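Here we start with a single chain on its own, the form predicted on its own, put down as structure tokens.
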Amino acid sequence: MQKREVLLEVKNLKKYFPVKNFFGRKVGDLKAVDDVSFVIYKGETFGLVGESGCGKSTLGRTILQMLKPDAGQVIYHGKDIANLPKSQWKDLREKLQIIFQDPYSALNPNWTVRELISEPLKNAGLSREQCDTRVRELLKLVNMNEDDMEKFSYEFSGGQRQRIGIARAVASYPEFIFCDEPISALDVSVQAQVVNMLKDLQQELGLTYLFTAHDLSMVHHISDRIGVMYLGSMVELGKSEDVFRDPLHPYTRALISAIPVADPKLGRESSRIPIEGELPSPMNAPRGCRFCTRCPHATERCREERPELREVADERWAACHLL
């Protein structure tokens, strides 16, 4: 089997946010990302799923250094970019990009489409003529018209705005793009169009994605491999088909069982696995397995000892003592 090239490696990454009381005194840490490790291969789409607040967006933004990590490494092309000085980040910013969740707030309403897309090109030193040529190419690439250059973002629908955001993200010929729930604010009828466009751009431009979304079916559709996060930790990782066909971790099983089934007959026959109890606070996570307070199979060991993410089968990783 041909060996895959690792583009980006995350090692023991942590991102904590200090929590203060009314008087401004620190009372604890919110552990948004807590000791997460995984790799992303060149040219693949790595999907990241989990409940709201599990740390997906924080993890992606910490990888891009939009948030400074508290510990751990982010290794890109063999270099730890988590500890680089800002002076060395200019070239990296062109190669590591983000597509934001909300296309309405991500675009400056006072700028034209020309200005929005050409901003990263100007920072790269291109002339006005070169920027205009590139903007026309990018608009064509995302199925928009050249006449749209002089319009403002508020003149477009949500799907069109997200296309503008995608054009801006790929403007500087990046290698890696963090797609931060790019379809969650869009109509269902538009979501598939945007996802298919991202897949086409990946093939055409050789892109690598970290893709997050609440729609598990969509993540399954676009991803080569999937990581499942719970309360700031990675609990399962594997090939997309394997994870959805045979989930290993109890939390993953419950998530996948909640996917709606279009066929009423199949829907009645499928058994949903309920997740009992409340989600613990990230400030006061259980000392053992993060999921032990809601897992029907939890043992005393689960409550006392935190399981490591380990390879339990070929390219299947899970953090569970019961496997």
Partner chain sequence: MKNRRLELAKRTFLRDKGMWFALAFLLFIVAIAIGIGFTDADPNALNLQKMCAPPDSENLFGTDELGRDYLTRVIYGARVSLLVGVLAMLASVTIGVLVGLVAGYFGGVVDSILMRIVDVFCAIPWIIMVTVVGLLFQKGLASIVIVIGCFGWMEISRLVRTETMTAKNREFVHYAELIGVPKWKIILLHILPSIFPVIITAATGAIANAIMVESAMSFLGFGVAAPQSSWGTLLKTAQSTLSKAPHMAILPGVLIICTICSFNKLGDLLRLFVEPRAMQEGK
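Remember, predicted model here, so these are calculated numbers, not experimental data. Residue numbers count along the first chain shown, from 1.
What comes next is about the form predicted in complex with its partner chain, which is not displayed.
Participant: With its partner chain left out of view, choose which of R93, R134, K239, R114 has a non-hydrogen atom within 4.5 angstroms of it in the predicted bound form.
Facilitator: Answer to the contact question: R93.
Participant: Here the chain is shown alone; which of T212, S233, T252, Q97 has a heavy atom within 4.5 Å of its partner chain in the predicted bound form?
Facilitator: Of the listed residues, the single hit is Q97.
Participant: Counting only heavy atoms and a 4.5 Å cutoff, which of 134 to 142, 117 to 125, 203 to 211, 77 to 85 contacts its partner chain in the predicted bound form?
Facilitator: Stretch 117 to 125 is the one.
Participant: Within 4.5 Å, heavy atoms only: does R163 come near its partner chain in the predicted bound form?
Facilitator: Output for R163 is no: heavy atoms all beyond 4.5 Å of its partner chain.
Participant: Any chance N108 has a heavy atom within 4.5 Å of its partner chain in the predicted bound form?
Facilitator: Judged by the heavy-atom cut-off of 4.5 Å, N108 is in contact with its partner chain in the predicted bound form.
Participant: Evaluate Y173 for contact with its partner chain in the predicted bound form, applying a 4.5 angstroms cut-off between non-hydrogen atoms, and reply yes or no.
Facilitator: Answer no; every heavy atom of Y173 is more than 4.5 Å from its partner chain in the predicted bound form.
Participant: Would R61 sit within 4.5 Å of its partner chain in the predicted bound form, counting heavy atoms only?
Facilitator: Contact check for R61: yes, within 4.5 Å of its partner chain in the predicted bound form.
Participant: Which of the residues spanning 174 to 205 lie within 4.5 Å of its partner chain in the predicted bound form, based on heavy atoms?
Facilitator: Stretch hits: zero.
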